[in-house]
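Single chain ahead, written as structure tokens, the form predicted on its own.
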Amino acid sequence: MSTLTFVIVGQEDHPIYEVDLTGPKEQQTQYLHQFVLHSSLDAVDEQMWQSKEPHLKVVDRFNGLSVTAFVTAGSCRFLMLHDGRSDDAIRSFFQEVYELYLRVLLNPFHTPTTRITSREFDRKVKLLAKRLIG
């Protein structure tokens, strides 16, 4: 089974959106994926100062899994844990999720540190992920 987990980490290093895009997993595996993603934040912080691009490509690896990152203008980090997806496909996914994220930020009742609980946002991210999975 393939691995594809996506998380948006806010400015204060708190997850504001998390989704496992390949379906439910054992709780232990889910915790491991969350740990790998959050432990890669230091690598993201290092690389975001060395790159002019928001798409940082692969920033960390663990047991055959890769963590790819994207940093927004407001220092919000998008992290994808995957098992060897196409970099162009992930870049496209990040760009489209970023557009959705900007629409969420336009809501006057939402702050950048608030968890994203919109069902519409969740539905659209999962729809974009289906294209990524193939």
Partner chain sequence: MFHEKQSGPAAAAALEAVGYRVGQQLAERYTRDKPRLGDALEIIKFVCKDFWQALFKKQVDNLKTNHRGVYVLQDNGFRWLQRLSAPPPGSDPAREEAARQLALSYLHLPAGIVRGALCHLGVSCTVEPDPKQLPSCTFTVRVM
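Quantities reported herein were computed from a predicted structural model and do not represent experimental measurements. Positions refer to the first chain, counted from 1.
Another form, the form predicted together with the partner chain, is not on view; read the next lines as being about it.
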key: Among the candidates Asp83, Glu99, Asp42, Asp87, the residue which, in the predicted bound form, approaches the partner chain to within 4.5 Å (heavy atoms)   = Glu99
query = Closest heavy atom of Met48 to the partner chain in the predicted bound form, within 4.5 Å or not?
reply = yes
task = Consider Thr72 of the chain shown here, and say whether it contacts the partner chain in the predicted bound form, taking contact as heavy atoms within 4.5 Å.
result = yes
query = Heavy atom to heavy atom, is Gln11 within 4.5 Å of the partner chain in the predicted bound form?
reply = yes
inquiry  = Does any part of Pro108 reach within 4.5 Å of the partner chain in the predicted bound form? Heavy atoms only, please.
reply    = yes
